[in-house]
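Here you get one chain, nothing else, as structure tokens; it is the form predicted on its own.
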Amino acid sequence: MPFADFPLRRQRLATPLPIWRATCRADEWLDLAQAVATGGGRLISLWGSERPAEAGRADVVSAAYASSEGLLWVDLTLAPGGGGYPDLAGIFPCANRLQRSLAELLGIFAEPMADRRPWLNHGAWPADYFPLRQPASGRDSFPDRQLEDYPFVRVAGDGVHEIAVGPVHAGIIEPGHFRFSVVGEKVLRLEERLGYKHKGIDQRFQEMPASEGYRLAGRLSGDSTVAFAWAYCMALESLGASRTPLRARWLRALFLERERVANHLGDLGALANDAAFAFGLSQFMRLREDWLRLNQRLFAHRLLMDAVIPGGVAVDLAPAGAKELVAQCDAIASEVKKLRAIYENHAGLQDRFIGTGRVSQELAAKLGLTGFAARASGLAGDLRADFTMAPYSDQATRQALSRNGDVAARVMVRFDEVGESLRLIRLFASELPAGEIVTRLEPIPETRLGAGWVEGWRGEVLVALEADGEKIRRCHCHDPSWQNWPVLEYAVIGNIVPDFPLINKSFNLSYAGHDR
């Protein structure tokens, strides 16, 4: 049953994408989740909050579900005096880590919750201290706390050996721990331990005026600053039913596609480097550097940080700049076409790529894989193509798909997405409508809830915002890495240890975006 047919009273939010809000009872929580799963939908995110109630405060658990009809944000208000909520992990496995995070931050546990190991807390606060229930002083410290051993799952058997990698890695790679169980070089199991980048972002939002929150959202994961800032601004604008100028919407999309191209160019080079083909790294990094330098010159920031602002965008595009963008897209397209031919005809690269880190379509659907990695496993789904939102609705965005689900497929999809993004940027720059680039937001006179949903380069980015006028009561930002990190554990099974960096880079998931 699609969630649209589930018997809930829904309210459409004032967003350009189809997003609804609803509340449900405890006895409907699992039935709704099962209906979404049966209808081919997926869990986008799960979070919790404290909200004002007649008896003072009430705990609320929220879930965001997506299907072909759009997105549903559903709230479950828990009974006063404590109590949990039904466990969703049996229906959506990706709920496991989200539920563990919710338990650590708010002290609200799923029932029954088989896995109660800490996820974000690395000894930074006691088990009975819940950060999102405390005043945001920023000064709480627990110097006597000691880091406890994390109970990794053990694999027993003759010849089984454990390899611990991280959390500190070489160079500028963010921290994350990977525990491999191997026989020889063959990987039997991988277990991840993340959370080292936890920064208290959710609590920090509560110290900021709503009109400034986009700056923090855009710094959640630096390689996705446009996606998160746009999702935040979409959520904020929905609170007062504000409508951004048409030119601003086109510029936001142009910025988003430039962000997508920059990341794919960098990763296509890094993937070649992980397969000992340094020529690919040098060429793609050269192209990426040229790309970022033009961002700096035309839009005042290499990564386009703070380019998307509430009510529109902060920088405009002059006619001369539009011509430069089109010329650069033409040049990059020509070079990427040549490099793709080199990659596809390089026996050494293809030997490393083909069949490595394969994720079947069935497994991808079961685990909730999203973004370009899901499309590389045959799962169609791209907000730019699935729903009508200007300017994408005017350009008939084409999804890049493959069914093989291996590193080679993820590389192919990246190449295809670069080509499509270059096409879109040319169109956006050439046909940019005239008009203003920013408008004043409508006031938010009372408590409101809004949401933003954007197809970032990794996948779906969600921002759920609760505000009382200019005061942020709760802001939850969700990175698609929450869904995709667990899939990496399965993708590496049966492969050899030296192929892990290659498999890992083919997903290139965010630590900071996941850990918040």
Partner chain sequence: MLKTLFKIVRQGIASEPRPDLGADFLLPAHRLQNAILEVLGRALTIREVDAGSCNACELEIQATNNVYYNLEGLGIKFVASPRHADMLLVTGPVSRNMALALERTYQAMPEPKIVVAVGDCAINGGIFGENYATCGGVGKILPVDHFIPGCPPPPYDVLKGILTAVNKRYGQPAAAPGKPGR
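Predicted model, so just to flag it, every value in this text is computed and none were measured. Residue numbers count along the first chain shown, from 1.
Keep in mind the form predicted together with its partner chain is missing from the figure; the text below concerns it.
For the options R117, R133, R398, H169, the one in contact with its partner chain in the predicted complex, meaning a heavy atom within 4.5 Å, is H169. Note on the partner interface in the predicted complex: the residue among A365, I444, M305, V155 having a heavy atom within 4.5 angstroms of its partner chain is M305. Only one segment in the set 429-437, 234-242, 282-290, 380-388 has residues whose heavy atoms sit within 4.5 Å of its partner chain in the predicted complex; it is 282-290. For L147, a non-hydrogen atom is located within 4.5 Å of its partner chain in the predicted complex, even though that partner is not displayed.
Taking non-hydrogen atoms only, Q203 approaches its partner chain to within 4.5 angstroms in the predicted complex. None of the heavy atoms of R423 is located within 4.5 Å of its partner chain in the predicted complex.
By the criterion of a heavy atom within 4.5 Å, S221 is counted among the residues contacting its partner chain in the predicted complex. Taking its partner chain as it sits in the predicted complex, the stretch 342-366 comes within 4.5 angstroms of it through a non-hydrogen atom at I342, N345.
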